[in-house]
Each structure stands twice: as C-alpha cells, then as structure tokens.
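Before any questions on binding or motion, here is one chain by itself as structure tokens, the form predicted alone.
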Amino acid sequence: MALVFCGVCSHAPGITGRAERADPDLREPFYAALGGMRDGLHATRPDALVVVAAEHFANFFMNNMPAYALGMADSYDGPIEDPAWLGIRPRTVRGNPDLSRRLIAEVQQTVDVAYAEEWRFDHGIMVPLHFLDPNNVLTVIPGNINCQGPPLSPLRRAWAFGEAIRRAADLVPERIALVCTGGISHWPATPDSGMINEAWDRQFLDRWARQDKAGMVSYTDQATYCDAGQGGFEIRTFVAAAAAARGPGTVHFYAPIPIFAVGCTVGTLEIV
C-alpha cells in the first residue's frame, strides 16, 4: 500500500522513570506533543507500526552485533528493564511475522539487514509505545540500528536503510507507519549524564527538518562523540526516518530536560 506516517521521538528511560522529578512546564508540553503524535499516528489507520530504535546491549552484544535488524516474531515482550525503574508495566506486543518477512526480503535488496524471531523490547521501543500506543492495540515490527558498539555503520548507510524501509513499505498491500527513536545529544550512564548540547541539537534538527541530506550525513563519529556524547550516535535513526519520508519535517517539541538526560524531541515528516 504505502508508508502512511513517519515520525521521530526521544526514548530516554528518564522520560517515564523520572517523570515526577521533571519541571512540569517542560514535561507537560513534551507529553502533549507525544499525545499529538499518537493521535496523528492512529488517524492514519496503520496495519503495522515499524519502530526503529538504537541498540542498548539488550538483545545484541559485541559477540554478534548487526548494523541493522528487523523483528520477525509473533509477539514481543517488554520492558526488558525493571518495570518499576522504567515506570512502564510489562506488556506483550503483537507482531506479524508474515509481514515482517516480506518487508525484510525487500529491504535486503539493498541493505544487509539481520532479523530476529526473538526480541525483548527495552526502553528504546517501550518508552515510545507507552505514549504512542497506550492501549496496546497496534501491530509492531521492531527495528534496530547499532548506535552503541563501534565500528558504527556510516550515516549514509542509515540513509540507505531508511530508503529501503520506504521502498518495502510501498510494495506491500498493508498500511505502514514508521517511528524512529533516539537521542539527540546526551551522555547516558556517564558522569556527564544530564548534560545536553542544545546548540548542536538545534543545528541537527534544522538540517533534519529541511531534508538536508548532505548536512545530516556529514557528522563524523569523533565529532559527534565530542559534541553530543555517545548518545548522539543515535541520530542514525532520525536520518533513516528522513530518508524514508523524503519530505520536510516539523519539530513539534524540542527542549533540553536534564532530569530526562536528553534533548527531548517530537517530530513528524511529510511523506512524498
């Protein structure tokens, strides 16, 4: 049928796990933007939601680290983290292995993507689903980009992955929504946790909203690590979303929220 929705959002565990400690003047507009994204997503009546997140050593480790992966299971359980710590109750999410298989087969025409019939969701997927699918009604296909264990896939390959997802979505009869989740600047699990480079974030989001491919793929990992922390490597998910949508983006919310330890972002893209 077609790709019917494309958006991006942050997924830091503090967004749900430390909600009560955040400034309500920042938290409530952020949550409202996620609510608006939820309404827009469901209005497109997707048959499946592909959620592309970043690896956090939850399912893959350095003994077997795919650059890109898609799930192919009947169902998925999450969160893998302590539910009390994350602030999200456990759930079983419905999958569609037949649809996954068809999408994977087409993505493989241009991108070597791994697949997994067992996949436990960590905060990278569960935090977005907490806001975007609170009633657990959507069929979900998880995706993953290695943003954790170097050597990392080049940003231009993340763009190619997004293009491949778009091509696959347009070739199947089902209505496909895509949400890519990640950073942007943050230094998780380090002494600098809570630090956010707002200027860097805003520059990247400006390039993302303008569909400035050259600008988005120009970042080196060394510069990103210095300016945006290891969490900044997750811009790969935003790059993939831009490539899939092809149209300009709208940033519905951006603000540094230190207690959430990330520049919190909600955005959608026009599909052209």
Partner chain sequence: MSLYQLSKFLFQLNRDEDLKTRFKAGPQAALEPFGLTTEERDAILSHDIGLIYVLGVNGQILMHFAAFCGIEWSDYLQRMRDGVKHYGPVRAGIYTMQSGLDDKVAGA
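Numbering follows the first chain given and starts at 1. Since the structure is predicted, the reported quantities are computational estimates derived from the model, not experimental observations.
What comes next is about the form predicted together with the partner chain, which is not displayed.
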Completion exercise
Which of 107-115, 190-198, 164-172, 68-76 lies within 4.5 Å of the partner chain in the predicted bound form, heavy atoms considered? The stretch 190-198
Practice task
Select from the listed residues V217, L205, A58, A48 the one whose heavy atoms reach within 4.5 Å of the partner chain in the predicted bound form.
Solution key: A58
Handout entry: Candidate from I80, L155, L99, I88 lying within 4.5 Å of the partner chain in the predicted bound form - any heavy atom
Key = I80
Exercise for the section: Considering only heavy atoms, tell me if Q211 and the partner chain come within 4.5 Å of each other in the predicted bound form. Expected result: no
Exercise for the section: Mark R94 yes when one of its heavy atoms lies within 4.5 Å of a heavy atom of the partner chain in the predicted bound form, and no otherwise. Expected result: no
Exercise for the section: Consider F233 of the chain shown here, and say whether it contacts the partner chain in the predicted bound form, taking contact as heavy atoms within 4.5 Å. Expected result: yes
Problem - Partner proximity in the predicted bound form: M62 to the partner chain, non-hydrogen atom cutoff 4.5 Å - result: yes
Problem - Residues R21, H123 and Q148 all lining the partner chain in the predicted bound form, heavy atom within 4.5 Å - result: yes
